[in-house]
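First, one chain by itself: the form predicted alone, in structure tokens.
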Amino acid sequence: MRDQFGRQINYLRISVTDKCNLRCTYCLPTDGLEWIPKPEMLSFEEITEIVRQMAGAGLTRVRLTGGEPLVRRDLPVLADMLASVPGILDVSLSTNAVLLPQYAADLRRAGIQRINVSLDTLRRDRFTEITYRPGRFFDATLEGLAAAEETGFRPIKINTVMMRGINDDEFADFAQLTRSRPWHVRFIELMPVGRNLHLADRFIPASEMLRRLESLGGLKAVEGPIGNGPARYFQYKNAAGTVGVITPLSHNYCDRCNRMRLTADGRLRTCLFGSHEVDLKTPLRAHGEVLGVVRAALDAKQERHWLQLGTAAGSGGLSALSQVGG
């Protein structure tokens, strides 16, 4: 599968639910967002059939996202179904890790190979301020990270959205994690969508993030762990892991885009922040074939996104990042 600019598209991010057990301030508003009705959600069988058809045309990698994917009941069953599709070489998961202590082993057996964990603070009280959830959720997140490591997931990546005046005094704490643990912490620029524009003054560009990481001493550029993302990686001397930056605003990496996104209700977005999306659920339920629609969508995939700080104009109509899983 190639788009109109010749980019090979071999990676699909699948949002299995728009619900989440956290309410991170930049991702999911505490009110005013309607959930997708259950009959409109794709079943596991429907998701697997879409992946099967795409795999026949060159799809090789999928990632399960949300909302929080582990709030979707029996997610390991879906992971096993997807890992069994001929041509799919890599199945990974993005999670907040709250439910990982009970699911890590089942996910590993089902075929999940890599895990990304969203964690924006290492302080229990601050976790509550950011997520609107009590400290026991923070404890569960740390237990989930430990469970992922004990179960044998490699690599483990931690995604951290840095916000000025909220958690930007924790660069050294997160960096210290990578010195002693084989974890890969990626600092992500805040991405503006309709319901988080009040945080515009909290934005920190990646250039500043790197200066603050470099000030800790001994940082050098490295290739980084296996993955499909746009992060640039760095490592401290003798560190077990790496730090990285992901720069959706200050640096546009769209020329290397290799991905599409499938929403929980069956809409294919060819760009995270693009206005172009197509309905796969209707043709799938009507006659079972979606590949023609997918190819037409790729022919219309835009060259790049147009995110702008302080406005939702370039966010493709998204109200919340939780709607598509990032």
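What you see is a predicted model, and the numbers here were worked out from it, not measured in a lab. We number the residues from 1 along the sequence you see.
Heads up, the form predicted together with S-adenosylmethionine isn't pictured, but that's what we're talking about next.
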| query | finding |
| --- | --- |
| Stretch in contact, per heavy atom within 4.5 angstroms of S-adenosylmethionine in the predicted bound form, of 25-33, 39-47, 296-304, 253-261 | 25-33 |
| Non-hydrogen atom contact residue 189 with S-adenosylmethionine in the predicted bound form at 4.5 angstroms | yes |
| In the predicted bound form, residue 96 touching S-adenosylmethionine (heavy atom, 4.5 Å) | yes |
| S-adenosylmethionine contact in the predicted bound form: residue 68, any heavy atom under 4.5 Å | yes |
| 4.5 angstroms heavy atom contact with S-adenosylmethionine in the predicted bound form for residue 242 | no |
| Sequence-ordered list of residues in 146-165 near S-adenosylmethionine in the predicted bound form, where near means a heavy atom within 4.5 Å | 159, 161 |
